[in-house]
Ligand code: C2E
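Quick setup: one chain, the form predicted on its own, written in structure tokens, and binding and motion questions come after.
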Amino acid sequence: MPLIPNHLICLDALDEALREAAAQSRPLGICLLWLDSVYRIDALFGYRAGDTVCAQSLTHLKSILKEADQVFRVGRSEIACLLPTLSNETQAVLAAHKIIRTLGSQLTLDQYSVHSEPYVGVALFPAHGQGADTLLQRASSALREARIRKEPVFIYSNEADTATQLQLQLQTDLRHALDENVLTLNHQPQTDLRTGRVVGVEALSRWHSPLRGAVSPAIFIPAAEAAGLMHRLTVRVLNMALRELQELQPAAQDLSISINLSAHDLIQAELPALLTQALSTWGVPPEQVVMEITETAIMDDQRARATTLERLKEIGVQLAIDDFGTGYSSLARLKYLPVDELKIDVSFIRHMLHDIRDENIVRSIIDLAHHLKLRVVAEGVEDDATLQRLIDMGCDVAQGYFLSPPLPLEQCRSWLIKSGLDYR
């Protein structure tokens, strides 16, 4: 079986194999695998070491595959296996798992054992394509899906491929939206339940696409993360929020603004410097800014993210844990985090009047927060009965459609004036 590190020769061999398969009216399969260990080896020991690991991989594959099969190194960390004896998807999956078991445990580098968790994408002739270019492209598409889904093996699916193409188009459109500064903010007021006064607003990103219409943050924020656009989006939102806070209030007022951070933001070393620069640019006192981080984001890679939180706290901003109650956080960890506020997840608030378990959870979070000297904000307040129950429980702050929906800047300013605050 030839070992050929050249994707052009791979395509030629695949062309010939496809002609034979078509003449004999039989199927053919191609497995494209990605070796996750190669980039780690390159970074630690150099490219020659990475080549050694790939060469071992090719040798091991030769030992387990059939004589008619062919193996090609088609990229830095990608190997294509041409399997002309496959007859159906079941056999393809079995072959792919055999490849994974072999390469996951037998690689070595000097005295080190190299652990690898390969991903495999599978495409079959004639079901998934007729030509060599098409079949290899669809194996590559299947491999991409395997890596995105964190599944070891994925067989090409037209539906998944279409979904991926739509996602890539969404990412392209979002990049253009950032280039053209068309993203905007809405602001949702937050009311102190003891005094009835508005004490802050939460800045919420909005994107209205000429082709797509209003795109939900639940859609475009994950797209930004997948496309590597979160830094740009964070810079944009942070500066818009601080600028618009100045437009919402006279300098003498102490209205706070809450700004959401993603899990991606918390691992960016430059975030504190970025925040410091933005505060200076727009003349906003740090104590008027609340940075919100979801509970789940904090609990992942706790040490690194706790360090970022401490650096943000040193700047003087307030910190809030958003969606609290959904992330299975450790109470032992919570007491050491430098946070000022817990925001109870809307799923508990929405049903608390009709489900005693949700009511007890809300009450427990309020009591816990107060014992830890933290402020409590209830999100998703949509009726007066819920508001009154939160007041009875001693909740500090509420926001929700019953009080006000998220509003564009000018509408929010008008709402604040009507609310009784002196914003003239």
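Here the structure is a predicted model, which means the values were calculated and not measured. For every residue, the number given is its place in the sequence shown, counted from 1.
Only in words, not in the display: the form predicted in complex with the named molecule, which the text now covers.
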Please name which of the stretches 409 to 417, 20 to 28, 396 to 404, 7 to 15 has residues with heavy atoms lying within 4.5 Å of the named molecule in the predicted bound form. 396 to 404
Please state whether all three residues S205, M230 and D322 have a non-hydrogen atom within 4.5 angstroms of the named molecule in the predicted bound form. yes
So which of E78, E292, E244, E145 gets a non-hydrogen atom within 4.5 Å of the named molecule in the predicted bound form? E292
Partner-free chain; cross-checking the named molecule in the predicted bound form, the single residue of S262, T276, Q253, T296 with a heavy atom within 4.5 Å is S262
Under a 4.5 Å heavy atom criterion, is P217 part of the interface with the named molecule in the predicted bound form? yes
V237: heavy atom within 4.5 Å of the named molecule in the predicted bound form? yes
Answer yes if any heavy atom of L337 is within 4.5 Å of a heavy atom of the named molecule in the predicted bound form; otherwise answer no. no
So in the predicted bound form, does I221 come within 4.5 Å of the named molecule, heavy atom to heavy atom? yes
Determine the residues of 364 to 382 with a heavy atom within 4.5 Å of the named molecule in the predicted bound form and present them in sequence order; the list may be empty. E379, G380, V381, E382
